[in-house]
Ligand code: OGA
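Next up: a single chain in structure tokens, the form predicted alone.
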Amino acid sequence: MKVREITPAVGAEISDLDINLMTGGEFDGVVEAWDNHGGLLFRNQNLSNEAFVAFASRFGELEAAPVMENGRTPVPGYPEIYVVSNVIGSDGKPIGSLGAGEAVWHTDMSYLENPPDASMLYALELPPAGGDTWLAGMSAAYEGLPDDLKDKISGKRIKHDGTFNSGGFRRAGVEVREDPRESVGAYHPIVCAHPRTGRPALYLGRRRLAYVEGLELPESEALLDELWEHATKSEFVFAHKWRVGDLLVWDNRATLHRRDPFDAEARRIMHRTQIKGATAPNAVCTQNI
């Protein structure tokens, strides 16, 4: 097994590893690389649904996939697998969720008190162009903050809105509130400590309807704009161009991610799993950092 850094800020490619044949020692090396790099890419994998779920469950307890936008349950027999797709089935309904549009920068399900620790996508069918997935390294972004901005966010929390998903669709049963102080969601520290490494990282969630606790709304908006502009700078990100058989794993506690749009007439089918959050995001003491 080989580990190649993709960028200094985020991401590593794991090569010479067949996940179907992975040993315990190799998995320990995978976890170490994951902790060090925030996101991992595995090329040329051939995973059945069973193998995909088995690999994901080695990282922790899996979330049950939510009912998709088409009203269906996930893959029959595999309630942990969520279908991310724009493909229309024979009944005229999408077979999955999130369509073909852009998915803006976000952290998965950060509106929960215990958001998922990790997410992973496995590519089954791809369009000829577009649909790239971007990762941003939030530990590197925190380290790169100017001192005055670090002081501004020290000890503060963000309210993470749960009204809309990453594709911009309103979640079922949630009322839209234009004032982020009134919308549904959970508060989490802006700077969190990784539960294993202790390394500080920005935890931003998603920009839409976010709010910095205790600030007047215009001040909160200005601070959030400043943080998002910094955290998504080119030096902290990379774009992954998919191939069939690729598996991308990212640490929701240490990264943001987004998706480029693609031709809605082209087919794209991905399978996603998520690892349950073992704990709520924990604040890091920033006084001596």
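Source: prediction; values computed, not measured. Numbering starts at 1 and follows the sequence shown.
What comes next is about the form predicted in complex with the named molecule, which is not displayed.
When the named molecule is considered in the model of the complex, only one residue from 86, 133, 183, 110 comes within 4.5 Å through any heavy atom, namely 133. Within 4.5 Å of any heavy atom of the named molecule in the model of the complex lies no heavy atom of residue 236. Interface residue remark: residue 98 is counted as part of the site for the named molecule in the model of the complex, having a heavy atom within 4.5 Å. The closest non-hydrogen atom of residue 188 lies beyond 4.5 Å of the named molecule in the model of the complex. In the model of the complex, residue 37 stays away from the named molecule, with no heavy atom inside 4.5 Å. Only one segment in the set 100 to 108, 150 to 158, 195 to 203, 210 to 218 has any non-hydrogen atom within 4.5 angstroms of the named molecule in the model of the complex, and it is 100 to 108. In sequence order, 268, 272 are the residues of 260 to 276 having a heavy atom within 4.5 Å of the named molecule in the model of the complex; the partner itself is omitted from this view.
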